[in-house]
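As a starting point, one isolated chain is supplied in structure tokens, in the form predicted alone.
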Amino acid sequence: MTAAAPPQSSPSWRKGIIAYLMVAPPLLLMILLIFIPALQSTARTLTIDVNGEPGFSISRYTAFFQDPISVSNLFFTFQVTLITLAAIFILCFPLAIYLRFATGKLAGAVQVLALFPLFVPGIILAYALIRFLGTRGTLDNVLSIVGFTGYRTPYLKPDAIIFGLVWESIPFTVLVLTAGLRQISDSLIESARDVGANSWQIFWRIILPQIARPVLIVFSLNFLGIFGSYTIPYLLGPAAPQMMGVFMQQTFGQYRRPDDAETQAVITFIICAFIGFLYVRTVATQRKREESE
């Protein structure tokens, strides 16, 4: 009785077609909803000048960077974004390390609290922070009970925006960093301890190099979300300066200047696209390096 022939693998070209068909729907959706509108808006800002005359011109961008209010709002957006990112890492990185190595009921409770903002809509969070941080709010009343009367509310100030965006970003950041830390095997850490490595050496030489990709993911996606945020800055932030999301909405809706709002949107898109490009390039480079090793 002859042995059955092993099943033949499908040709490589067929696997390639299947892979491309699986990727095609989200790729087409991105092209239709993101790239084509972005290219159309960019083309309009370069082919119609600030006076509405057709022809190649960068007058819209020149007008933007010559306007003190526009430049102030752009720098304010960068400032809030970078401070928020720093606060997110300072708060969430130790929390992720704790959740990676801690066990027991306390660690479970901390994880539930860290993920709780994930289930709170942004607008609900904003109004809750108004009631908590505002004048004669919860925090002010508690401080008054214990005898502290010098409370100054951060509501309608940049501090309130940062506080709200940090709170909103905690669940995603903790999830990504914890998932990256869980990829580091316990046996590797135990081996380092067996040869005499202390906690700082383990962190600096083992943990930190292996979570470069999760850190990059957190930085890039949080940057994109914070830089283009609208709800939290609109409800908690000052009237001036404004973050770019609020600035665009008011330019388009209140001032009835759609051309200026489109220019602001293109500038915001270019900045975010640059961060996205750095993220994709870094991830691709790391993947090639890992495959070559």
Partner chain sequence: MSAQQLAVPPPPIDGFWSGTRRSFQTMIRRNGFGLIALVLLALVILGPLYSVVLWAFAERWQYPSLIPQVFGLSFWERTFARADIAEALPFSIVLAATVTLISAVICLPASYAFARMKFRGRQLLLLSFLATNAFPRFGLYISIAVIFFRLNLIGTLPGVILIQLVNTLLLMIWIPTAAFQGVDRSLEEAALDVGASPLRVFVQITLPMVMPALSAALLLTFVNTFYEAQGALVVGLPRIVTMPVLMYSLINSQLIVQYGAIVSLVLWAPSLILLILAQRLLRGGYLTAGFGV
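Residue numbers count along the first chain shown, from 1. Fair warning: this is a prediction, and the values are worked out from it, not measured in the lab.
There is also a form predicted in complex with its partner chain; it is not shown, and the following applies to it.
For Glu262, a non-hydrogen atom is located within 4.5 Å of its partner chain in the predicted bound form, even though that partner is not displayed. Residue contact with its partner chain in the predicted bound form: Pro117 places a heavy atom within 4.5 Å of it. Proximity of Phe163 to its partner chain in the predicted bound form: non-hydrogen atoms within 4.5 Å are present. Its partner chain is not drawn, but in the predicted bound form it has a heavy atom within 4.5 Å of Gln249. For the stretch 153-174, the set of residues having any non-hydrogen atom within 4.5 angstroms of its partner chain in the predicted bound form comprises Phe163, Trp167, Phe172, in sequence order.
Cα-Cα spacing of Ile217 to Pro26 is enlarged in the predicted bound form versus the present form (difference of at least 3 Å).
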